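Just one chain follows, in the form predicted alone, and it is written as structure tokens.
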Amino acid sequence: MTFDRRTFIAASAATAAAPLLPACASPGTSNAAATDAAPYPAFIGKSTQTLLPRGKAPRIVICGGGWGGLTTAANLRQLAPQAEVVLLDRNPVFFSSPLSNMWLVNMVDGELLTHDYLRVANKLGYKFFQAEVQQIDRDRRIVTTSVGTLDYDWLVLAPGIRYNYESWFGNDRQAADAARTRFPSAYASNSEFLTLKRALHNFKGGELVMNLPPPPQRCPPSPYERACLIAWHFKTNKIKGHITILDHKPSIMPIGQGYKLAFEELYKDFITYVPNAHVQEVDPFNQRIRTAAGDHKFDHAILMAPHKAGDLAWLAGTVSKTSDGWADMDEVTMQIKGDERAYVIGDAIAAVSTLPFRYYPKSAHIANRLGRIVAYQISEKLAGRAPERRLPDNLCYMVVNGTPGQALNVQFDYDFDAQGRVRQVQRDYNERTPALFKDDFRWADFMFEEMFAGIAPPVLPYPAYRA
């Protein structure tokens, strides 16, 4: 497959990042020629029309087609075949954040990461609509989209994240847009991945600054992994580039020792790691960033604003004054507080414990597991049974070298302590090995089978080294 073909795949995803159906302005807009306007065509979507007629089956609407949303849809078809499942997403295709850092440097092909929503929906037996969610009325149980309204019996929100550029730029939208379009972080929008890839492959040398958002943040794509693979790209292609990692944290975490050795042993001449680099000012026009650990001028940058719950969480009224910008929900059931028919899953969720770790990792694996949990809960309630309490687990691989392929690993398990609080046990595997590199693809294969083929193993068969 050629780079042009991969570019086409990503570009098709990028198209969906633009506002959908721009010609669908309200026909009620006043102008002098309004009385002479042609009749409104039936198939031009309007947010006031009904998107899908109501049948007899209970309807479950899933807003957001990331790892959590896709997993929920696939599992509901298995667990609640009597229900009508509808998935909404603004994009026509899914693009995977896991493995995307390897795609940026041409270590994997774009087709591995890209899947067509409609094809998957048709295969697994649920409905898919490419549409922008504009409003969520949980009192009336109605979702309004760019192409019509949809009522529901059960709602699952998988909002992902939004970039909190306001913390950097206040209400200066021009500066925020400049940072987003010129130096995207490539965490959320499919188009950003393509923009960053083009920038990396056009980079002739110089200083590349990468700031890390303060925790909690989405991962993958892991910023440390991204730095390693960009450094590998520079090293392999003899590009005279240097990467400065500006980390909000006091040290590398998780897998601190593994990454530290990778930086020192593999990329000593390519990576400088700077801890406690709290961002104080960002100037995307003059290409400067000021932090508590020093000021930096850059030739290119990956500017990562702080993360908060995605727009859908705010539209649905799930973000409270005390949830620190994340979606309020029950820490076990994922049920939105005060709404027995609505759930929120994935990266958008608020803290789940009062213990020091507080948040689940905002990872694809956690989103998958929460999607499973919510699908199970809804299916049990539809069957008139009380669901049992279930907790997720987490597993992340981070590739640090391309020749030979080597990766690190971190695992998390969760249970309840004596006080009933969610407790986390973390295991770091700091030795970079080819076996972990292979297991990264093995893990992805299992996950993709569940989301895109409807084949969900009861328990993911972890590698033998798992404690």
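Note that the coordinates shown come from a computational prediction; the quantities given were computed from them, not determined experimentally. Counting begins at 1, following the sequence as shown.
The following text describes the form predicted together with a small molecule, which does not appear among the structures shown.
Residues within 4.5 angstroms of the small molecule in the predicted bound form, judged by any non-hydrogen atom, belong to 365-373 and to none of the other stretches in 320-328, 166-174, 365-373, 282-290.
In the predicted bound form, none of the heavy atoms of Leu246 sits within 4.5 Å of a heavy atom of the small molecule. Using a 4.5 Å cutoff between non-hydrogen atoms, Met398 counts as a contact of the small molecule in the predicted bound form. When the small molecule is considered in the predicted bound form, Arg226 lines it closely, a heavy atom lying within 4.5 Å. Although the partner is absent here, Asn101 lies within 4.5 Å of the small molecule in the predicted bound form, judged by heavy atoms. With the partner removed from view, the residue among Ala277, Ala186, Val352, Leu79 that has a non-hydrogen atom within 4.5 Å of the small molecule in the predicted bound form turns out to be Ala186. Listed residues Ala83, Leu391, Leu312, Ala121 were compared with the small molecule in the predicted bound form; Leu312 is the one with a heavy atom within 4.5 Å.
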